[in-house]
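In the block that follows, a single chain appears as structure tokens, in the form predicted alone.
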């Protein structure tokens, strides 16, 4: 069974077709790099997959939403709660077996254990993003939907995120990653979808040539890097 399937999906905003006949699948233990310029439709697809928006036409299939994690432009943490309280709350929501222990483990993993009891509103943007990463990976989801996850991360945090995604793939998770940081995305990807004005310009395997020259994907198939 293919865990993720997007079949003939259209999305209209008024009369404007933001997505036009989008089709792709993704297998378990795989990572799809969802690429394209601003306005190409990447976030729209991710929001539909996350259940935050509905397709105007077509169908999407994916694992149980409780086994799905979404990281969007709104990183989804509560400013008035501490880092530890945030993760305990999400741990209970996702029915993690020991939410307190899991929260503490993940704060260590994202280098926030020293501010576990500080309210998230006091965090820098990069610290907030790392807390959001802990939230996303806390319950070991089967499906990861990541929209520009490298934003505001320093080099160390980018390396951590890449390690977390590799580990998720190794345990069989499916990942859809939207980003403008081509090299980081293509290093991890097994498959690539390039969108241009809401339509698929390329859908296929990630090749070594793409890793060696990421901009060639846009030159060969249209769109802008």
Partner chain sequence: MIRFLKLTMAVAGKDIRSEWRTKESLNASIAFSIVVLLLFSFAFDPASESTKEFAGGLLWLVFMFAGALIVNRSFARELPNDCLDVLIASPLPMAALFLGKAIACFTLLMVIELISLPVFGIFYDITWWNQPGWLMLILTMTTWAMSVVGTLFSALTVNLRLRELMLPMLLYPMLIPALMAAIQLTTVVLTTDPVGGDNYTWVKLLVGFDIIFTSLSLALVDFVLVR
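Only the largest set of C-alpha atoms that superpose within 1.5 Å between the two forms is called the rigid core. Just so we're clear, the structure is a prediction, and the values are computed from it rather than from any experiment. Positions refer to the first chain, counted from 1.
Keep in mind that the form predicted together with its partner chain is missing from the display, and what follows is about it.
Undergrad: Counting any non-hydrogen atom inside 4.5 Å, which residue from 125, 92, 114, 105 sits next to its partner chain in the predicted bound form?
TA: None of the others qualify; the residue that does is 92.
Undergrad: Of the residues 166, 156, 183, 65, which one places a heavy atom within 4.5 Å of its partner chain in the predicted bound form?
TA: Result of the distance check: 65.
Undergrad: Checking a candidate spot here: are 51, 75 and 79 all in contact with its partner chain in the predicted bound form (at least one heavy atom each within 4.5 Å)?
TA: Per the other structure, all of 51, 75 and 79 touch its partner chain.
Undergrad: If we define contact as a non-hydrogen atom of the residue within 4.5 angstroms of the partner, is residue 85 a contact of its partner chain in the predicted bound form?
TA: Flag for residue 85 set to yes.
Undergrad: Under a 4.5 Å heavy atom criterion, is residue 191 part of the interface with its partner chain in the predicted bound form?
TA: It does not: once its partner chain is placed as it appears in the predicted bound form, residue 191 has no heavy atom within 4.5 Å of it.
Undergrad: Superposed on the rigid core, does the Cα of residue 80 end up 2 angstroms or more away between the shown form and the other one?
TA: No, the C-alpha moves less than 2 Å.
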